[in-house]
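The structure tokens that follow cover one protein chain in two forms, given apart as structure 1 and structure 2.
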Structure 1
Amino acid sequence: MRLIFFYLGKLFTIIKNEVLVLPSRVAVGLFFLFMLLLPLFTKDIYLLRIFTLTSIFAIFAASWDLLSGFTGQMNFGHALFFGVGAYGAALLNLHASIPPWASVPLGALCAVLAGLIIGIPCLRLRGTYLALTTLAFPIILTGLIFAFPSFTGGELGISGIVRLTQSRVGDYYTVAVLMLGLCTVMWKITDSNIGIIFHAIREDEVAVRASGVNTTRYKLLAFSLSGFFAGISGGLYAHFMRIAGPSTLDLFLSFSVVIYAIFGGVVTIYGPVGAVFVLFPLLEFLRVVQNYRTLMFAVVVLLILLYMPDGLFAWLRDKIEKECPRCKIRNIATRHTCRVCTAPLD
């Protein structure tokens, strides 16, 4: 019992000193609670379906930011990882009878292999050339799917896949918990020494290479990590929708993830995640005005990009917090001195 009270006290201290001191961290904490408690307040199947799909695409969007946002390796064919993860999980489940808890990570490993296959020939390319090259790979894989319909299902895709769980609430909790966990892992990666090197490669790869860092290895690592997380989202999508088809490799999927990242704010991880939770439900709820749905969606995106070029959530964070010029610690905007080094903030 004493041990329980000890850890509860430690948790309370962390929340008090690390979470409650910044509005952005409080918002993240409330978001975690919202995701975990949502099924307790509603059992609406349609609403749970929307938030389950939103969570899947949030993982997908964060994985793009991990690669293109932090390392600057502009990937316009990110749907390849999603599609490989979806097809890998579907084929393993259908032909080898592997359950979802194993087929999803194995499908993600297939996406890691795809990341290496893409990363190796693209290492010498930058900018527009890299973007156009990565754009070609989903098209190539789609052609291969159409070429072997007896194995891949062709245009109809693969159906009859086992569900994630036996209930919609179970599906929701499985995906939501994985989303919260994986996005936290991605954020921790970017906040580590590896993330610093990723960011340095984005800013000036030549200088990083001159300092003795093997940039080739780190770029391949970025492609592999991004492919793994995107593959997880693809495998979850396949088991949730019970189908893996050419739509998982669609070019619109690759471009939509770029929109999510830019809308929320690149080089943040939380920006693309937040953007998905704003835009994906918005697009679903706009089905009531089907004729104007795409137009209204485009207007919202354009307004954000016009008035908040750094992204919606980056703009909001800058409004409610400010960075200390001395120690670079973030403080609530109403403070006049830094909470750590007491330097003046005004």
Structure 2
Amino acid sequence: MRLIFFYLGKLFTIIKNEVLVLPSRVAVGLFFLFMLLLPLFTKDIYLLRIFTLTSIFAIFAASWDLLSGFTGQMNFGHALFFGVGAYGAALLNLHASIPPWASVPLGALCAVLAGLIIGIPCLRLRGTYLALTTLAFPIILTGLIFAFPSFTGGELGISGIVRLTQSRVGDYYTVAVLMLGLCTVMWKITDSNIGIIFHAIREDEVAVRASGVNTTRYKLLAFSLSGFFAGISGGLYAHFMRIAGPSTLDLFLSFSVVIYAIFGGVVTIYGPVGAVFVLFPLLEFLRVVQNYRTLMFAVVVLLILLYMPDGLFAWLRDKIEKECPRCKIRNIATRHTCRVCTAPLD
């Protein structure tokens, strides 16, 4: 009994010293709690459905940030991974009757394969050329899908896929927990030594090569990691909607993920996730003014980009936190001295 109290005390100290000192960490903690406790307060199917879809697209947006934000490999055809993941999971589930817990990761592996196949020829390209080439791949795949309607379902897509779980709440929890877990994993990757190389590749690829690092390998790694996470979101989408259609390869999907990422702040991971949680429900709730829905959506996005060019969440973080000029540790904006080295802030 005393041991339990001892560890509880330790946990409390960690939370007090590491989490509560920074508002951004508190916000992330509250977000986790909110996602996990939401079904306890509402059983509204419509609301749960919106948040499930939002979580799926949050994984998708974060995976784009991992590739294009961090390594700077502008990918305008990110829907390719989403679509391959969705179709892969759907076909495996329908024809080989593999259950969702296996078909989703296997579909994601198909997306990794797709990432490697397009990654290898695209690695020689840079900037605009890369963006335009990647833009073409989902369109090519859509053409292929229309060419073999007996296997892929053509324009109607593949329907009759097994549900993710037996209940709406189960669906919600599966997707929400996966979203929180995968986004944490992505954030961890970008925070590690690999993340440093990704940053460096974005800044100056020749200099990275002159530092003795095989950039080709790391760029392929970025392509496959990003493809894997996007493929998982695609597979979840297919199992949740119970249909995998050509809309999963849509051009609009590729561009909306770019909008999400830039709206929330690129090169952050938390930015795109937050942006999806703002924009996706916003688009849903704007249904009350059906005719002006997209227009108002565009106005919101434009205003944010005009006044917060670094993205909404990067801007918010700068407002509530200050960086210590001496030790570079972040502090809450209300403090006058750094919490670690006691140097005066600004």
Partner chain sequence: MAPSFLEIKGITKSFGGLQAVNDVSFSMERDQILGLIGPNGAGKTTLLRLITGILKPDTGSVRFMGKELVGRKTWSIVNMGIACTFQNMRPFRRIPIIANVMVSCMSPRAMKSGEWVKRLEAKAMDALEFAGISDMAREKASVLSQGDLKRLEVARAVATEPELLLLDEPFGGLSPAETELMAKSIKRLHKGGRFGRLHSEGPAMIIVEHQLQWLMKIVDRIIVLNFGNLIADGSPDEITKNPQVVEAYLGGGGI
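This structure is a prediction, so every number in the text was calculated from the model and none was measured. All residue numbers here follow the sequence of structure 1, with the first residue given the number 1. Just so we're on the same page, rigid core means the largest C-alpha set that superposes within 1.5 Å between forms.
**OP:** Mark the structure, either 1 or 2, that is the form predicted on its own.
**Re:** Of the two, structure 1 is the form predicted on its own.
**OP:** Align on the rigid core first, then pass along the CA displacement of residue 7 between structures 1 and 2 in angstrom.
**Re:** Rounded to one decimal, the shift is 4.1 Å.
Subject >> Rigid-core-superposed Cα shift at residue 341 between structures 1 and 2, Å >> reply: Value for residue 341 between structures 1 and 2: 2.4 Å of C-alpha shift.
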